[in-house]
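To begin, one chain is listed below as structure tokens, in the form predicted on its own.
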Amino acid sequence: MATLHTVNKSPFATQTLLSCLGHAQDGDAILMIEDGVYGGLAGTSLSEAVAARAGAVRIHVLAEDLAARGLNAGRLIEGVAPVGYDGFVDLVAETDRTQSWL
């Protein structure tokens, strides 16, 4: 039973992303939305922790939220993929449940 985890808070303001990474099981998916997209950026204090889970856990950022913050996909950690709203819907449909990390 795969779970889609959504993280909407900046990883530099809360520990939500780290908690999510620690609880996500292999085969799950993580989607960073709103200020959570900062967690997908390379070259930060969290990059190594995110990269370590990429692959076993599918990790995505919402492309529209990335663009809304003036960021582009070229700054993402290898293994972190941008998805649009259609990809968000696909992730919901592909997984058995959704866990929102607040």
Partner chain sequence: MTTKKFLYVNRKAPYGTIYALESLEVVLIGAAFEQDVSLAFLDDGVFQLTRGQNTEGIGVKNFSPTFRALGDYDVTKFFVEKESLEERGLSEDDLQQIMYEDEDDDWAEKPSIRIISRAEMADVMADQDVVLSF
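Values in this document were obtained by computation on a predicted structure and should not be read as measured data. Positions refer to the first chain, counted from 1.
Another form exists, predicted together with the partner chain; not displayed. Remarks below refer to it.
> If you check in the predicted bound form, is residue 13 within 4.5 Å of the partner chain, heavy atoms only?
Looking in the predicted bound form, residue contacts with the partner chain include residue 13, since a heavy atom lies within 4.5 Å.
> Does residue 74 reach the partner chain in the predicted bound form, with heavy atoms at most 4.5 Å apart?
Residue 74: no contact with the partner chain in the predicted bound form.
> Test of understanding: in the predicted bound form, would residue 52 fall inside 4.5 Å of the partner chain by heavy atoms?
Outside the cut-off, so no.
> Would you check, heavy atoms only and a 4.5 Å threshold, whether residue 56 touches the partner chain in the predicted bound form?
Answer no; every heavy atom of residue 56 is more than 4.5 Å from the partner chain in the predicted bound form.
> Quick check: do 42, 65 and 69 each get a heavy atom within 4.5 Å of the partner chain in the predicted bound form?
Yes, because 42, 65 and 69 each have a heavy atom that approaches the partner chain to within 4.5 Å in the predicted bound form.
> Mind listing which residues of 76 to 94 have a heavy atom within 4.5 Å of the partner chain in the predicted bound form?
Result: 85 alone.
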